[in-house]
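Form predicted on its own, single chain, as structure tokens, below.
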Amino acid sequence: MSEPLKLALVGIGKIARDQHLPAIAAEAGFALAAAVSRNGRVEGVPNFTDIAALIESRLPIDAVSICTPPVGRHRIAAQALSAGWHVMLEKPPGATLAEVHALEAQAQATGRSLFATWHSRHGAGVAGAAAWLLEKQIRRVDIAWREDIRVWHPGQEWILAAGGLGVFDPGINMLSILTAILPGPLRLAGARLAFPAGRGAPITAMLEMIHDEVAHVTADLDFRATGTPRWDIVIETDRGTLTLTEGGARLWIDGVEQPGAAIGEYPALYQRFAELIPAAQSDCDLRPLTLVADAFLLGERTETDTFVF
């Protein structure tokens, strides 16, 4: 059996502690070799305040997983690729499409893997949903993606700043599922975005999309919803209705729950990263981020009440 790849985790915040560290520990293909963060630390490995310090240390590293906010992530990833390391990006993969395209070109030129991850695509019901929808005519799609920013992003002011995506930080999870399971192309037709006073990113959004130039797709995104979150996708077809609930974790066909199999969203990501690296392959599907960019381009903007964490 080959030695595990030496991995550095960059950005030690809530998502890194809740998801990445347990997934790395469970994946035999990787061994955590270092952590990089301005504020957080991981016990048992060398810790660095920035990627430049890690590079200067000459610590043997094979790959990095970057969990920082999207603004500024391009610089970190470009430095890692220049150091000869494979790179995995937490969603969204960058603050702009151009940044990620540049990283793709750099990865190809240096013979390294670039993996733009979409963890929600590995929900237990997602693969079954995609299989069931094949060769069916989609008639309508209705989506509710509603959660409490104070619960899921406590005190994270960056998420409502320009480049932080606001409600599209969770909303892009829905778009990643939708682009994975629908059998035809999806485009944005319209959007309404509500920005809290003084903030640079929306806290609610209503999206109108078209699937395969036929089916109407609506999505209601709300980052202020209290109580139990709703992460639901309902798809009416010519041969029944499919429902994904709990962010893709549970699949229902005509009201009957279907069995699902998954190793867990983040363990699946690291398993995929371990598969890409030996062949220096990249996996960068930017359709979810493109739809978000289109919403900012096309969306009608309104201002809503001041928001305080």
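Start at 1 and count along the sequence shown; that's the residue number. Predicted, not measured: the structure shown is a model, and the values here were computed from it.
Below: the form predicted together with a small molecule, not depicted.
For D169, a non-hydrogen atom is located within 4.5 Å of the small molecule in the predicted bound form, even though that partner is not displayed. Although the partner is absent here, C67 lies within 4.5 Å of the small molecule in the predicted bound form, judged by heavy atoms. Remark: R112 does not count among the residues lining the small molecule in the predicted bound form, judged by a heavy atom distance of 4.5 Å or less. The small molecule is not shown here, and in the predicted bound form it never comes within 4.5 Å of any heavy atom of L291. Picking from 21-29, 296-304, 7-15, 283-291 the stretch near the small molecule in the predicted bound form, with a 4.5 Å limit on heavy atoms, gives 7-15. Remark: none of the three candidate residues (G123, T179 and W252) comes within 4.5 Å of the small molecule in the predicted bound form, counting heavy atoms only.
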